[in-house]
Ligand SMILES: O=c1[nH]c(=O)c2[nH]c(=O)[nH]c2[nH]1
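To begin, one chain is listed below as structure tokens, in the form predicted alone.
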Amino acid sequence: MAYALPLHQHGKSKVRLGRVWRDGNVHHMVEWNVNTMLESDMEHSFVKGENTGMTATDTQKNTVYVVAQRMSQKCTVEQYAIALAQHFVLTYPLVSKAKVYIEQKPWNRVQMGGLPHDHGYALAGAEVRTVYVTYDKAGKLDVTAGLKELSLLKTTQSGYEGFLRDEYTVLPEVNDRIMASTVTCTWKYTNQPACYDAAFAAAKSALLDAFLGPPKGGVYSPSVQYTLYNMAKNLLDRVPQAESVFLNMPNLHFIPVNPVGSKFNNDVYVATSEPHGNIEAVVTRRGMIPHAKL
């Protein structure tokens, strides 16, 4: 019987990295969880058990720290991921493509008495910034930025009506409910922005603005689907370098409660995390290829 090995790769996962840049008394700090994966001409390792020319996963782990130290100037997670991916491809002859995925822990500089602390940081919630970079022998670079675990909620200006009803449907129609989600979003750049931090800030702001609406009055959402689509459109409008947006938005339910001896008055709910609805989509500029599969 004949066999084939059409796809293979190897890498290192969950390499935790802290990097500090000292600018006099002011220190800049990031914490990254780094994952590497290499496509390479290593069929002989799988088929014959020969490891000649292989970039060991331990070598990949060590390289994570070496490249971090070489980034002598404060850099974004995207800039570091690009440098790491390019290092693997340009250094090792058998490597044809490097893939780097990184999650950034949300350490933010502490403000004390209205002043930024020189070297003090605190975690700012659960939101995680992400990046996925690929680089190959032909010099093709792809950068997909993103975030996950962005928890959003609004107490009104949301409803759900007009859906199909049959013998299995008991959900009441409502035009005033709590809307909550933990958002995962990625966006692929066609061209690289001049500043990745600024592009990320613009993308996040676009998502928040479309979900919540103006500070006074907000904006009505007839469904998570409608809001998701408008969040993606808003991101594409504000980040011109982005070509494709993926969004996953679980619909986290707050169920109205009639307290004992009383009734529900838009005030008391059972907070739930599961089961929950799950809505996702990819929105692109017209003619562009989606960067993610559902």
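Because the structure is a prediction, the values reported are computed rather than measured. Numbering starts at 1 and runs along the sequence shown.
Although not depicted, the form predicted together with this ligand is the subject of the following passage.
Worksheet entry | V224, N251 and I279 each touching this ligand in the predicted complex (heavy atom, 4.5 Å) | Yes.
Worksheet item: Among the candidate residues M112, C195, L171, A122, which is the single one with a non-hydrogen atom no more than 4.5 Å from this ligand in the predicted complex?
Response: Here the answer is residue option L171.
Worksheet item: Among K99, R177, K188, R129, which has any heavy atom within 4.5 Å of this ligand in the predicted complex?
Response: Of the listed residues, the single hit is R177.
Discussion item. I need the one stretch from 197-205, 74-82, 138-146, 216-224 whose residues put non-hydrogen atoms within 4.5 angstroms of this ligand in the predicted complex.
Written reply: Every other range fails; the passing one is 216-224.
Worksheet item: How about Y160: is it within 4.5 Å of this ligand in the predicted complex, going by heavy atoms?
Response: Yes, Y160 lies within 4.5 Å of this ligand in the predicted complex.
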